[in-house]
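Take a look at this single chain in structure tokens; it is the form predicted alone.
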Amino acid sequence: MKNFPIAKSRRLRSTPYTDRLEKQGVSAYTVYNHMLLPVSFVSAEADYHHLKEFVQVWDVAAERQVEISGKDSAELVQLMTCRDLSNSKIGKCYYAPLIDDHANIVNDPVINKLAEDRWWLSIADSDVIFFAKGLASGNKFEVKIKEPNVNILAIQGPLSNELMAKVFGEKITKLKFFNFDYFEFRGVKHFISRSGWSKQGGFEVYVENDKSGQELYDYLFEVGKEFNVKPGCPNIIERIESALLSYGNDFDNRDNPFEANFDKYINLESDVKFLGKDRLKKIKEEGVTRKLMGVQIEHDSIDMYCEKTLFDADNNIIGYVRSATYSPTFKKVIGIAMINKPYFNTSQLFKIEINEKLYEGKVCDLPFI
């Protein structure tokens, strides 16, 4: 598929770091929550190798926040997710699928509990703010809902601890996974969580002060030279190998959380009230008719601009590849696919057409690594 440039406009927002990225050689963007999100610098493969060995600074400001505060905020947040948040604690982050009344997935944010009556939903690529406002209005909840000016910087990679310790002190290395705290940089406090969209380890800095964020961005590169720090972005190879699912790519509002393998985030036995609960109980009782699985394809490239159909030896459709890429580690194409029942078994063989030629592959478990 031919690549075309993205035409910038006021509807497509840049970030406080965009000018810096373009000086550093960003080579491609995508659009995410109506914002620019970098997807490549040198190349996907070169960026992948660097991410797995050193440390990168990512502009992930497109990971927007939906702030919900007020008397009924906890009730509204719980209404949106099938994960039981009744025992949630301030200072912790919760991965929590949001579902609608049909039990289909609306988004899969990380929910940060800032106070008993204040929450940040750090969202994937869909307009959660309108979903939240509609529910609040229909239920007459006493809440305030807004998108705060938060522009996240992610520091990812095996040397992220060393870099962050140089900037914020050794205390930050003691931060536990999916916890957050506040750390100071040049007189400004920053909300920092031990999290990020890679399995290489790292942190996310929820920047609320654009000027301080730009100064922090520059300083990370200044003091990170000894760690071979480079600009980076979420990497498709690393994220598929690690089975970090992407809303809008691997699953969307056509799918329910059981089909997306989110079973451990579905709490049907608790007393909490959330949308689609009865529907999820029925799905659990009847069982799913499809679910996300891994696939391995004996080829060295693939363009993913639409779903690709998988066939068995008798030309029966066994499922659809939703995301895929060439893996230099596995020396083949790997992907995430929605596989139909009864083809769930690993080692199920299939055929797939790529550039008008047929290639062989097999179904496998996730993650790949």
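When you see a residue number, it is the position in the sequence shown, counting from 1. It should be emphasised that the depicted structure is a prediction, and the values quoted were computed from it without experimental measurement.
Quick note: we don't show the form predicted together with a small molecule, though the next part is all about it.
Remark: of stretches 271-279, 102-110, 126-134, 213-221, the one touching the small molecule in the predicted bound form is 102-110 (heavy atom within 4.5 Å). Of the residues Ser122, Ser73, Asn151, Asn256, just one reaches the small molecule in the predicted bound form with a heavy atom at 4.5 Å or closer; this is Ser122. Site annotation in the predicted bound form: the residue of Val188, Val288, Ile236, Leu244 reaching within 4.5 Å of the small molecule with a heavy atom is Leu244. Using a 4.5 Å cutoff between non-hydrogen atoms, Tyr32 counts as a contact of the small molecule in the predicted bound form. Within this chain, Tyr182 is remote from the site of the small molecule in the predicted bound form, having no heavy atom within 4.5 Å.
Taking the partner from the other structure, the small molecule in the predicted bound form has a heavy atom within 4.5 Å of a heavy atom of Gly196.
Although the partner is absent here, Asp47 is not a contact residue: none of its heavy atoms lies within 4.5 angstroms of the small molecule in the predicted bound form. Contact check for Glu63, Arg83 and Phe178: all three have a heavy atom within 4.5 Å of the small molecule in the predicted bound form.
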